[in-house]
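Next come structure tokens for two forms of one protein chain, structure 1 first, structure 2 second.
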Structure 1
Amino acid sequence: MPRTKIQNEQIRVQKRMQIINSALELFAQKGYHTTTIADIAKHAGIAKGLMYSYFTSKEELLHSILIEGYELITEKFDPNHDGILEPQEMLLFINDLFDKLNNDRDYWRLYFSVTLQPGVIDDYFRKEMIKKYKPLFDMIIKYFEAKGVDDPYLEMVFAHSLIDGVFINFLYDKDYPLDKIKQLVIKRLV
């Protein structure tokens, strides 16, 4: 008797996650180029070939991790869904962001390592990622508008840069004083 469609679906969903998680961990720890498909398969407890039944290539695996990771991470932002951030929400937003940074360290390591490194993701994909982040940035611009900042766009760029900088320094320094820095960030931005 063959497995039912539902059983197969479950297997696939679950194994897909195994692969993604293993790959994320290894990519983040060892780097994309330095991690081999064999590494990932071993870590995920599957045969090398099976990866190719879930992803067409190592590259697509990376892309899937990046995109789906982004979706997982952002799905809880802007609870009102009105696209407008109240100062209260901005605070929550930043707290949330810093929480996620802490919890999804591997994702963010991979994210920065890969976006700042030429020759890993192509331009098309880079633009796709930027497009995905666009609404977030727009929301923040509106927030600064509402706050009455001189040049809201510039302020957003500043905020974005600041947060990126905090992130990358935190990711590679286990003694980074994240909480205290967060207070400085909040003071500067909210």
Structure 2
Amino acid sequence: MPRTKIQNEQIRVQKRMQIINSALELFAQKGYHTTTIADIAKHAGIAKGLMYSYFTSKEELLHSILIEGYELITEKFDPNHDGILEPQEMLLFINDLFDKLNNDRDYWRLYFSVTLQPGVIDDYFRKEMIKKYKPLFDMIIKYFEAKGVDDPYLEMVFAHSLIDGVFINFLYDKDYPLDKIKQLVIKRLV
């Protein structure tokens, strides 16, 4: 019996994630530049040619990984999509962020190890990601303006740096006090 469209789509999504997870693992272990499409296909257990029906190049695969990471991080940001970040939305965002970090430590360890490799992210893609983040950053600046912070832009940069620092420290320290740090972040940002 032939597969339905829904079954085919489910298989396609599963294979795509298999490729992404294999690429992340290999990029982290071997380095982005030394990992080949053939390496990724072999690790994912698929034919090299099939890789190209999902991603046209290793660069496109990397960009997809980074964009999906961004989308995972911002999934609960401004849930009502009104462009205004309220304190309860900031709290929801922080809780969701920490839950994602805690529940998928391996994914985030690989994600950060790839993004921190020198020369992996080119200037064009960096500019594209900055454009993608800009509306989020603008909302955070307005959030801090509404709280009466002296320098809302600087507070946004601090908040971003703080969250990145928490992620990186948690990923490399098995005894990191994540729950206590989360409470300090909430106290500072909400």
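Quick note, the numbers are simply positions in structure 1, starting from 1. Predicted, not measured: the structure shown is a model, and the values here were computed from it. Superpose the two forms; the largest set of C-alphas matching within 1.5 Å is the rigid core.
Which of these two chains, shown alone, is the form predicted in complex with the DNA? The form predicted in complex with the DNA is shown as structure 1.
Determine, after fitting the two forms on their core, whether F125 shows a C-alpha shift of 2 Å or more between structure 1 and structure 2. After core superposition, the C-alpha of F125 moves less than 2 Å between structure 1 and structure 2.
Would M17 count as moving between structure 1 and structure 2, using a Cα shift of 2 angstroms or more after superposing the core as the test? Comparing the forms between structure 1 and structure 2, which are aligned on their rigid core, M17 does shift its C-alpha by 2 Å or more.
Taking the rigid core as the reference frame, is the Cα of N8 displaced by 2 Å or more between structure 1 and structure 2? Result for N8: yes, a 2 Å-plus shift.
Quick one: CA shift at K174 between structure 1 and structure 2, core fit, Å? A shift of 3.2 Å at the C-alpha.
What is the magnitude, in angstrom, of the C-alpha shift at G31 between structure 1 and structure 2 when the rigid core serves as the superposition reference? Core-aligned C-alpha shift comes out at 4.5 Å.
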